[in-house]
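The form predicted alone is given below as one chain in structure tokens.
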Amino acid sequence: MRKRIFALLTSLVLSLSLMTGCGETKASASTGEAASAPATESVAAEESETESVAAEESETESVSFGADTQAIIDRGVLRVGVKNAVIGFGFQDTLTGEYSGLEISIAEKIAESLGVDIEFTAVTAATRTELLDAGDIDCVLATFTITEERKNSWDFSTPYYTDYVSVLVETATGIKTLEDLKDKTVGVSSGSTSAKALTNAMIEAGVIDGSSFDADSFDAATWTEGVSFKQYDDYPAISTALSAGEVDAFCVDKSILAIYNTDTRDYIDAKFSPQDYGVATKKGSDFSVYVETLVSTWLSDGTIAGFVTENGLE
């Protein structure tokens, strides 16, 4: 009897042990599955992130630049020669130091496309090419007229603006036409093409003979046939000379003359010699190609037209 009871108790304990063991096994399996799910999701997320980074790196590597352009990017600064006293094109506020104008906007847009900062250097007609040749600046946006002669020394973009040469005088002088300028002294900017343009216009109008005029060798400093010239370093100096009577007229692109036109002054009845302004860069530079692509695109999509309107140059 005791043996039967012992056997019964033993069988009961064994059954309970087996049931408990099976429950622990299932729990462990369930826990293992739950733990493995987040791990799988984490791996998938990491793989997705890796693929995304790889795609971004591939896209960056696909954009390549020439050595000259890359040097600007590596430096982190685009250095631009601009005018600082030509309202509408390149003007620097004397109080804030801030620059504004059509050419400033284009320069800033170029720097933005490169992902770099911008540094402006004030230039004149006489200094802009010296600084460019010396490598002190990367490009020039300074009412720089494109000519075939200049193309031999520097690269120019497609013109972003076309102006005309004209002449400003004091109203009291009574000078109103090209004919009235005969035997007068005209103030021009050193290194500009204005003197040659005016001389050629006077020849074409029959005001002066011009038999010795040669466009290739013309020198404003030595020309005295029918009109003579005084050269100055900047436009404010010419304006001052006009007021003081040192010169009888002020000749340059009309958009620049507009800055110096006052109630006591007038334009003569003539505009001549279309002036195409372009971005000047070093001859043969791959940066020239880069700039040309940008300017052509912005002319096509209306970006530059917008800058022209913003600066009142329509």
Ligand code: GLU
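The model shown is predicted, which means the values in this text are computed figures rather than measured ones. Don't overthink the numbering: it's just position in the shown sequence, from 1.
There is another form of this protein, the form predicted together with ligand GLU, and it is not shown here; the text below is about that form.
Scanning Lys184, Arg150, Lys176, Lys109 against ligand GLU in the predicted bound form with a 4.5 Å heavy atom cut-off leaves one residue, Arg150.
Checking Ile137, Val167, Ile104, Ala142 for any heavy atom within 4.5 Å of ligand GLU in the predicted bound form turns up a single hit: Ala142. Partner proximity in the predicted bound form, defined as non-hydrogen atoms within 4.5 angstroms of ligand GLU, places exactly one of 111-119, 218-226, 69-77, 185-193 at the interface: 185-193. Contact annotation for Gln275: at least one heavy atom lies within 4.5 Å of ligand GLU in the predicted bound form. When ligand GLU is considered in the predicted bound form, Ala249 lies well away from it, no heavy atom lying within 4.5 Å.
Taking non-hydrogen atoms only, Ala280 never approaches ligand GLU to within 4.5 angstroms in the predicted bound form. Residue contact check for Tyr235: one or more of its heavy atoms lie within 4.5 Å of ligand GLU in the predicted bound form.
Residues in 287-314 all lack a heavy atom within 4.5 Å of ligand GLU in the predicted bound form.
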